[in-house]
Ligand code: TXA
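Next up: a single chain in structure tokens, the form predicted alone.
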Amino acid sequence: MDTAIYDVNNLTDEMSERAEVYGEEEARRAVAAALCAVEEAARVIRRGGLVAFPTETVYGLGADAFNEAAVRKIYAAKGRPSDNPMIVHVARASDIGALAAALTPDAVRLIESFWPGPLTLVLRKRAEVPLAVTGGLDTVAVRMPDDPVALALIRRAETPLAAPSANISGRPSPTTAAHVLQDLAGRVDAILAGRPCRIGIESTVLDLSEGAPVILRPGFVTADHIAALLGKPVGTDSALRARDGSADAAAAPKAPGMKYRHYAPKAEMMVLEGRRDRVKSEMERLKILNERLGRRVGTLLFEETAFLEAAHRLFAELRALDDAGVDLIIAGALGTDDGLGFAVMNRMMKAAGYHVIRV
């Protein structure tokens, strides 16, 4: 199919403020043009098509969450296993009533504090939510993105959007429109090409369906943030503590990223962990050794506590190294005592297939 590409770079909070508050004519025209593009994309959604769109975390691939045939097109476009649940995106907190059977006091407090934003809540679903969205489970994952393009699209489509990341399944998640084009051109109906994603890793997924809060996928909103708000401990799924990938084989994942190969570059990848001076030394030694064997080697080393930078750049760096045609990526581990560092390392370990070397 032909993929329509709509430029929505001007649909930002800053540009909207210039148009609405300061009355700048140029800003008004730019915002109006972007909203027209969003309306075209919303028509695609209403017709049962697929639209890729930016969020603050990564680009998503959206379809009408209540249109089972449309949702199944997402699986086909991505090559995504059918038991891998999707996140449903809403534009208003009140929209959750059409998706979830009930809200606990904890859920209400989390919504009031963290929405819109990078926190997904797993709740008991209403019967109307198709099982194709939930991977066959009786729970549904819901969030409200903090991005003007995403919110405008959902509102104009007049339906919540089932939307996993807009990439071929297993590849590094897309943080720019160019990444989406690289993977999905000709596979989806439209792409809303906005600015690069601010955060760069997917949302935190918090399971509230069993009572006690449990993190199924770490992200920008950390366990410490959630525990401080709720005044109670927050658990971590055992799959996140595994260092050999064994937990990935578990049946019926309750959140995206808990099963199957994820975030992986085309190149072989290994992660070195240990004291920073030793990591740097071993990285250089392995690079020289492999280059002598005729392999093209790329390295990836963030400052040990540069968690925000690492989150923002990780997937883009992995894709750039693939574009450079490297055969091997050698990455340095981050500290995991910080919640965001733990989230980035979750992605890095999966990307490397749990190939970790202690130095």
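In this text, residue numbers run from 1 along the sequence as written. Fair warning: this is a prediction, and the values are worked out from it, not measured in the lab.
Unshown form predicted in complex with the ligand; subsequent notes refer to it.
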Inset, instruction - With heavy atoms only and a cut-off of 4.5 Å, decide whether residue 143 touches the ligand in the model of the complex. - result: yes
Inset, instruction - Indicate whether the ligand has at least one heavy atom within 4.5 Å of a heavy atom of residue 139 in the model of the complex. - result: yes
Inset, instruction - Answer with yes or no whether residue 329 is in contact with the ligand in the model of the complex, where contact means some heavy atom within 4.5 Å. - result: no
Inset, instruction - Using a 4.5 Å heavy atom cut-off, state whether residue 165 contacts the ligand in the model of the complex. - result: yes
Inset, instruction - With the ligand left out here, work out from 299-307, 329-337, 23-31, 59-67 which stretch has heavy atoms within 4.5 Å of it in the model of the complex. - result: 59-67
Inset, instruction - Identify which of 180, 86, 192, 154 has a heavy atom within 4.5 Å of the ligand in the model of the complex; exactly one of them does. - result: 86
Legend entry - Contact residue in the model of the complex, from 216, 221, 271, 100 (heavy atom within 4.5 Å of the ligand): 216
Inset, instruction - Note that the ligand is not shown here; using its position in the model of the complex, name the residues of 307-332 with a heavy atom within 4.5 Å of it, in sequence order. - result: none
